[in-house]
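Next up: a single chain in structure tokens, the form predicted alone.
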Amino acid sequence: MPYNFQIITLFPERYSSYVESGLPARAYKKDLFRLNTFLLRDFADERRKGRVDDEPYGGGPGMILQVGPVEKALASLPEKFPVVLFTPRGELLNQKKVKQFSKEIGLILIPGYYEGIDERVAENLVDHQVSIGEFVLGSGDLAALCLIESITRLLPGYMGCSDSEVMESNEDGLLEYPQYTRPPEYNGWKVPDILLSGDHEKIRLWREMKRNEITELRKK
């Protein structure tokens, strides 16, 4: 059974372009996963002519996504899965959480837009609130695509090599070791001798040492 993503979005084209190239395109054609987008404007109040945002109560800059269109969109979906809202206040996404999500058969994704989303969405309509980092995006679509890619690469048959999904940064809490390929020297920049030695045990130990060193440095 393919993994099923249902996305409530203002920009469906951002998701259709995602499955037009590379590994996502191949996996999509093999029906390993499905992307179904639902245009939020289709659920706007008829009197508002497609508008789904309004000014914040209490004043302040920007516009707030309304709760009504989101609730109507969720009620219309053909299949019910856990609902994920992307918000800066959400739980920071990590590989452990991605693996938990990958055990579902599908997810409903709600990207954030404008200055934010009416808090009643988070309070009443979602199961998970997720952030991909402490920085600002123009919309939550890129965050949703990050989650989609992190989940789909774990699906059997997605990766070209079965070891690829486990020999990566953050799979076990450690970052990946440095990688090199031919030529052994370029502009005076040399590949570490140990990687050219052919001694697999020494190479394994070197890689493990480097993983620990890099993780300690980057995650301080």
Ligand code: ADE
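Start at 1 with the first residue shown and count on from there. Computed from a predicted structure; not experimentally measured.
Keep in mind the form predicted in complex with the named molecule is missing from the figure; the text below concerns it.
Taking heavy atoms and a 4.5 Å cut-off, does residue 88 contact the named molecule in the predicted complex? Output for residue 88 is yes: heavy atoms within 4.5 Å of the named molecule.
Examine residue 125 and determine whether its closest non-hydrogen atom to the named molecule in the predicted complex is within 4.5 angstroms. Contact check for residue 125: no, nothing within 4.5 Å of the named molecule in the predicted complex.
Using a 4.5 Å heavy atom cut-off, state whether residue 133 contacts the named molecule in the predicted complex. Yes, residue 133 lies within 4.5 Å of the named molecule in the predicted complex.
Should residue 98 be counted as a contact of the named molecule in the predicted complex, where contact means heavy atoms within 4.5 Å? No, residue 98 is distant from the partner.
Exactly one residue in 121, 143, 83, 73 has a non-hydrogen atom within 4.5 Å of the named molecule in the predicted complex; which is it? Partner contact (heavy atom, 4.5 Å) among the options: 143.
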